[in-house]
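What follows is a single chain, given as structure tokens, in the form predicted on its own.
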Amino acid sequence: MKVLRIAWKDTLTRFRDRKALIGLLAAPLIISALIGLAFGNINFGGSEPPLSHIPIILVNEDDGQLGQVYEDVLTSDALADLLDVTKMDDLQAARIQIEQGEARAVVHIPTGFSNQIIPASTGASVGQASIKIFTDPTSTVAPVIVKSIIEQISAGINTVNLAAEISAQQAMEYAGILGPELARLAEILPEELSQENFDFETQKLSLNKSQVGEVQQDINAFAYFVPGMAVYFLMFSMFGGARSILDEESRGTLPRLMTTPTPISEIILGKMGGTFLTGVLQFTILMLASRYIFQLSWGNSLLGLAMIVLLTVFAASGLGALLTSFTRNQLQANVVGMTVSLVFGALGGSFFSTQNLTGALDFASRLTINRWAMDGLTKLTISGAGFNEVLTEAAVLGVIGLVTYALAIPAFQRRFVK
């Protein structure tokens, strides 16, 4: 069949061009490697926390029970993976560690802190004291975590002390009814709370971890960036394939083809078919290379992956042909192709996740081929989706391909048939 022969001839011509191979294959792999290595592993619900071993310094100048409570909690096994605590005696030296970037926060417990907080046995009111936290201004998340932990410890201590004070005051109001022994409750209660209900020597902070949804396997950054770069460079090659028709027109080879018995429709379909076949081979080689170079898994559904890849190439080649059919020359086609490829890559998620886009940006993103291709591919590579779960993305890509090809073929025929 003439259409297939023309398509295969154009495909072989492109893959024999060493310069073209750099854009088709080498560039996506190199850029994916650089981005993936720069970002490192991305956690998608694994067991390891996104932050760990935050360096903080504890300056505990208090020789009472409460200072020890803060120290025990911060250095406990429950927080060992989260905090890396260093104890120091010199506050000024500790603050210098922050300025030098060696620590993210300094927790300072002043002298006499416990004596001011723990109520006296005579029922005296609870005093006031404060703990100071010095933080690194260049860090955003770590200081918030440290501050939250200190606030939780302080809230527990304040709750116990406040309960003791209120209970003692109310008991004093009924001293005449309760009798001489129970009237001493104001003296007894703080001591009992300290010894039994709130043991300052053993009180610890506990962290409750709740898992929401299913636990997924940790996935490295290549699972996102390799598909992103593959789709991004596919758009360039599809526009380049469509421009080859204008190239043959300018060189005079296309007019000579039209003098043969081959209908113009078959010639155009053959040229478009060559672009489509080039895209399929390009994507397939990139998938195989990333599988062995980056150990990237492309999911569990081979049928779903094949469907998304074929329809992505179908939609991209159709759009390339449509836009090229309305350009005047190769220079104009180059500008249009490069502009559309860059805009689609930026909006469609080839460089960053589109999950957080809202409003007009989200709407614009959904108008791009890259968005639907990336949604389908990341469902397969990251979420382990099956065939049925990517049918929506496949349907949208298929519609884009059908519409663009249906418009491009008549446009080319009108252009070349004088």
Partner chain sequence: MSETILKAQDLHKRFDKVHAVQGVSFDIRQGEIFSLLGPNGAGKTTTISMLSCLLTPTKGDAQIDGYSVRTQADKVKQVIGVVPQEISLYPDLSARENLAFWGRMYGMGGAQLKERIEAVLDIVGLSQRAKEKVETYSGGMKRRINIAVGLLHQPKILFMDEPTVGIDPQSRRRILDTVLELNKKGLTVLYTTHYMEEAAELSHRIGIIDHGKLIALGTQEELTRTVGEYDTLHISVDGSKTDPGALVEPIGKIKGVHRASLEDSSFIIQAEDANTVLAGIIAQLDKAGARVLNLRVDEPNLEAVFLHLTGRALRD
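Because the structure is a prediction, the values reported are computed rather than measured. Residue numbers count along the first chain shown, from 1.
There is another form of the same protein, the form predicted together with the partner chain; it is not shown, and what comes next is about it.
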In the predicted bound form, the one of Asn300, Asn115, Thr284, Thr253 near the partner chain [non-hydrogen atom within 4.5 angstroms]: Thr253
Segment assignment from 291-299, 259-267, 275-283, 310-318: heavy atom within 4.5 Å of the partner chain in the predicted bound form: 259-267
Close approach of Ile6 to the partner chain in the predicted bound form, 4.5 Å, heavy atom: yes
Partner contact for Lys2 in the predicted bound form: the partner chain, 4.5 angstroms, heavy atom: yes
Glu71 within 4.5 Å of the partner chain in the predicted bound form, heavy atoms: no
